[in-house]
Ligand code: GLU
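One chain comes next, on its own, written as structure tokens: the form predicted alone.
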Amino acid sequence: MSDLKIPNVRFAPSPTGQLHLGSARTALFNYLFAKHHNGKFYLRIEDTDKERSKQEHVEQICSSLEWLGLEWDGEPLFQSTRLEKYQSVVQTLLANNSAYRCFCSKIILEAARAGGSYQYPGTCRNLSEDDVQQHMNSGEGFVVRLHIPEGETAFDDLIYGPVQVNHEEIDDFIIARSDGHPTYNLTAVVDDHDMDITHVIRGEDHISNTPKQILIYNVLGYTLPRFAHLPMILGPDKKSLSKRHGASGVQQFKDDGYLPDALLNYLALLGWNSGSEQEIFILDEIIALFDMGQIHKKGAVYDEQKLSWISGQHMMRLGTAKILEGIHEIDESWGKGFEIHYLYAVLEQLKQRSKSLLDFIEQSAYYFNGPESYDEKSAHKNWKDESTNEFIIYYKNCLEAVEQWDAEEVEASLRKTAEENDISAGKLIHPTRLALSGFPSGPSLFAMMALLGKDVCIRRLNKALEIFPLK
């Protein structure tokens, strides 16, 4: 694409819900393409559906894009402010006979479809001016349809290559409804022209709309943009990604404490490959490498485990101060009353096991307070009888004698206890972890004990000795 003109692209969501992953990836790929070529990335809000479009969804979509770092150029364009413009274009198409009024009732249309064909048969296509006027004088409602000529429409998709559609496969589709409101295919063309959009990058579910829109471009004398249709994001069952696959909207990922860089990184890899083995990127790196020719034609499968891994890699890269800052944006009371160096040490211990900021919050409670409950499965498995109490008491006594409290010393005491009682170290490690945290797993036991401190560890062991073994 060395001869590519500086592109103008747009992301055009409908504000009928929160920004979901598929739409976020579409926005991202538009942004990457524009920024890679020093172009412009515009935002258009397609809010012509008055019943379903909500201001709260507009705000949420904008907020999600800003959180992801996908800043748009200029002010957003709202389709709801452009009704007069669309109606003017419809009148132009009627005047030059590129479109016509259709007075067919629902009953007539249903009868036409009874044979299994969903194409409009062109009943009103050749009405005379007198016939049209007579229908209008009688107060009949009508829609406006585009007159589809004989022939075919072809375009070169930047991802799928040449696409050719015979006009016999396209009926005279509606461009304005009976209430005068325009349809998607008309508004998209008019807006893309007025916004000087050079490249339309959207999901492959729109590929059937493209020949229709090209026909509108042609009858209006507009310059055609280039088209690129992104492969769908699929669930593990290879069906279109939806909530049933556990894929949340962008807002939910933000609320769950994912980093925007991590989510962007994962979305970029859903259908695009850098051409190298590298998988962890920040946004600027993806912009520098982005090439439309490296987008796959096959649908990309959403993989929650891969997202968690990528998120964990980004979390490991993030400075501890930044992690703490992010946690306090979610829960400003986290770690309240504890010194900053202690909070940093807690975060460092949890980094390996945390895929999101929420993970830090959920996994760190025992660093601040003793466990209120204990994992029952671990208790039954690792604290079976009174013999465990005897071993823990022996270990506790050794700990009480430790003068230099650090990870090496508490580990040495445990291994000494195990050796002197002729048991494996695991016979002490598992119940000790349970007593101190309430959980069967976590970061290094000995590092955790060193951080909690001697008094806290002894106190929690004493409490567990009063409770276990479970009756």
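The structure presented is a predicted model; accordingly, all values stated were derived computationally and were not measured. Residues carry their position along the shown sequence, with the first being 1.
The form predicted in complex with the named molecule is left out here; the points below concern that form.
Contact annotation: the named molecule lies within 4.5 Å of heavy atoms from the stretch 198-206 in the predicted bound form, the single such stretch among 230-238, 354-362, 372-380, 198-206. Of the heavy atoms in Tyr184, some are within 4.5 Å of the named molecule in the predicted bound form. Using a 4.5 angstroms threshold between heavy atoms, Glu46 counts as touching the named molecule in the predicted bound form.
Contact between Arg25 and the named molecule in the predicted bound form is not found at the 4.5 Å heavy atom cutoff.
Interface membership of Ala12, defined by any non-hydrogen atom within 4.5 Å of the named molecule in the predicted bound form, is confirmed.
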